[in-house]
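In the block that follows, a single chain appears as structure tokens, in the form predicted on its own.
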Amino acid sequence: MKAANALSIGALSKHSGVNIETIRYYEKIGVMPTPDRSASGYRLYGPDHLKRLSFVRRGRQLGFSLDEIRGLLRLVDGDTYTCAQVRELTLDHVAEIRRKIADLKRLKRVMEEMAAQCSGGRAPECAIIDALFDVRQLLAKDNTRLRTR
């Protein structure tokens, strides 16, 4: 890649909206390919780096784990992917989203119960703090209720 057409890591960060340290981390774990270097040792990024980084960023925004993104990128990099493979990975992700939603709903109920126990007074005793120290008990209680419904 010619240095005249290359982006610095700062410019790549600015164009992609991804923090410089995150870009370096992605390189370290192999999500981003190692860029060429200038004669003085600076990283030189091209349009393909920006495109890939935008893909990773968007995937992360949608809740894909780095392992899931890595799996998608392996398919793309090998140019052997099929729509069926991408669909399967996406449906797996949808199932994970459903699990998270269920967990968040349970957490919401627990937090609402904790808040309902709070008198709102000025005393240093607080039912919410006490419950947080023993949140496992509240979660177990909530899970028991779910099983009996």
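Residue positions are given as counts along the sequence shown, with the first one as 1. Bear in mind that the values here come from a model prediction, so they are computed numbers and not experimental data.
Same protein, other form: the form predicted in complex with the DNA, not shown, and the subject of what follows.
Checking Val86, Leu107, Leu66, Met114 for any heavy atom within 4.5 Å of the DNA in the predicted complex turns up a single hit: Leu66. Contact between His15 and the DNA in the predicted complex is not found at the 4.5 Å heavy atom cutoff. The closest non-hydrogen atom of Tyr81 lies beyond 4.5 Å of the DNA in the predicted complex. Though the partner is left out of this view, Arg60 does reach within 4.5 Å of the DNA in the predicted complex, counting heavy atoms only. Interface residue remark: Arg99 is not counted as part of the site for the DNA in the predicted complex, having no heavy atom within 4.5 Å. Heavy atoms closer than or equal to 4.5 Å to the DNA in the predicted complex belong, across 7-27, to the residues Ser8, Ile9, Gly10, Ala11, Asn19, Ile20, Glu21, Thr22, Arg24, Tyr25, Tyr26, ordered by sequence position.
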